[in-house]
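The form predicted alone is given below as one chain in C-alpha cells.
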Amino acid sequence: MLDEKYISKIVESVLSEMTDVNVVNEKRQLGVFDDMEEAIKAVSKAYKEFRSYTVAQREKMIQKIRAITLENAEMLAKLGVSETGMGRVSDKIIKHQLVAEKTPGTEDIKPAAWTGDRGLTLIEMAPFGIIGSITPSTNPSETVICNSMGMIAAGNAVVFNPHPGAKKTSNAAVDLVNRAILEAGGPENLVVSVKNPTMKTSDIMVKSPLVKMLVATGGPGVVKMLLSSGKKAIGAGEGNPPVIVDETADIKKAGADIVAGASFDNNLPCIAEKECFVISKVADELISSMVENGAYLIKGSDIDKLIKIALVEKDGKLVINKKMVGKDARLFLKELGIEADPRLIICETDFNHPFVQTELMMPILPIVRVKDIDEAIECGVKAEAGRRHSAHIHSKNIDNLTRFAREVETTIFVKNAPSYAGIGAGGEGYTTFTIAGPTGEGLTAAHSFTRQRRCVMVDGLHII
C-alpha cells in the first residue's frame, strides 16, 4: 500500500527543487467563501441537488477524490509543512496516500433486514444532511479529504471551519475535493469552507439550523463546545498513548517499531507513542535498538534543558510550547548545543516527569523503567488518563496483551507494531483522521455520518 520507491522519489524531488508552496491555486478556489453564511447557503443548494444522486454516482465522486489526492500528495504535504511549520514532508505524503487508498467509500453503508411471519422490516443508513466539521492544524488536508470522502459516501454535504493556522492547506484540499466532484458529474459546492476561519465563523456554523450534525477533530475545548450544541456531535479528542515493552518481546523489533511510530510526522498523530514503559531487565537492549534505528539518547542536565524548550509555564502548570509542536528533532538538539539530525529524541525519566504526563506532539519520547508487567500496566493506564484514545504494547505473552487491553480501554490498541498500524498503515483495516473516543464512534467512516431509518412491511414480502 505504501510505495517506498515512490516515496523515495518524491523525497528526492522535495530536497532538490523546493517549489514555492505559498502560492497555491492562483485560480479561484472552489467551495471557499469569504462569508460563512454564504458558504452554508451554497452548500445547502448543493445538498438539495445531491439528494437525487445514486449511490453509484457517489462512489464515482469518491474514486475521483482518491485520484486527485494521490496526484497532489506532494503539493499538500509541502504546503502543510510550510504553512504550519509542523511535521515532515515525506511522512505527510504517506498520510495522503493512506487517506486516498484506505478511506472507506460507499461500501461502508450497509443495510439490515428482518423477516418473519409478520413480514419484512428494513433498516437503511440515511444521510444527516449538511455536516459542520472543525479540522485541526496537525493533519489539515488529510482530515478535510478523509472527512469529505466519508460524508459524501454517506450522502451528506459538508461545511468546514478549518484551524486558522492551517487555513491555506485546508482550503487547498477543499478546492481539490470540489474539482474531483465536478469532474465526476457532481454538484458545485458540495464541500465548502471559509477563507478566514475564526471563532465567529465556527459559531455561525454550529448554530445554523441548516447544519444537522457536527464533527470536531481537535482538543477537549472544541469537543466540549460541540457536545453542548444540542445537535448530534462526533468528537475526536486528545490522547497520550503509552507503549509497554515486556521481557518476552522481540526487543530489536520493538525498538525499531517504537522509533518509527513515535517519530512519524514528528509525533503529531494523536495515536503515536508518547511515553514508553519497559521492564528493567530489557531496558538497556531496547534503548540500544532505538539508537540503532534513528533515536538520539540524551541524559542528565540536557533533559532538564529540554523541559524548558518543550514546555512553558502557564497558570502555575507546565504546558506544551506550541512553537515547538511538530518540529524536527534536530531543532531541539540544536537548542541543546548538539549537532545531530535523528528521527527521535529519547531520554530516561520517572513516571511523574512532565514528558510522561503531557502529550507533547514532539519527537521526544520519555522512557520509564518498571520492575514488572503489573507496574507497567498500572503506569500505562495512569498516563493514558482515561482518554480512551490509543495504547500500544510489545509482548509475546497473551495474558499481558489481554490484560493491558482490558484495563486501558482505548479505542485503538496496537500489538507488536508501530502505532500507525492502528489506522491501517502496515496493518489491516481502514484509515481515518477523526478518531472519536469521547463520543464513542471510534475510527469514523461513512457509516458514522448516517442515521438509521426503518421501513416496515407487515404481512407482506415474507416469501418462505
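The first residue of the sequence shown is number 1, and the count goes up from there. Note that this is a predicted model, so its numbers are computed, not measured.
Omitted here: the form predicted in complex with ligand NAD. The next part is about that form.
By the 4.5 Å heavy atom rule, the three marked residues Thr217, Gly237 and Cys270 all count as contacting ligand NAD in the predicted bound form.
Remark: Gly80 does not count among the residues lining ligand NAD in the predicted bound form, judged by a heavy atom distance of 4.5 Å or less. By the criterion of a heavy atom within 4.5 Å, Pro162 is counted among the residues contacting ligand NAD in the predicted bound form. Although the partner is absent here, Ser289 lies well away from ligand NAD in the predicted bound form, with no heavy atom inside 4.5 Å. Proximity of Gln97 to ligand NAD in the predicted bound form falls outside the 4.5 Å heavy atom cutoff. This chain is displayed alone, yet in the predicted bound form one of Glu359, Glu348, Asp91, Glu285 has a heavy atom within 4.5 Å of ligand NAD; that residue is Glu359. Residue in contact with ligand NAD in the predicted bound form (any heavy atom within 4.5 Å), chosen from Leu306, Val381, Val222, Ala184: Val222. With the partner left out here, ligand NAD still marks one of 110-118, 97-105, 162-170, 70-78 in the predicted bound form; by a 4.5 Å heavy atom cut-off that stretch is 162-170.
Contact residues in stretch 180-203 (any heavy atom within 4.5 Å of ligand NAD, taken in the predicted bound form) are Met199, Ser202.
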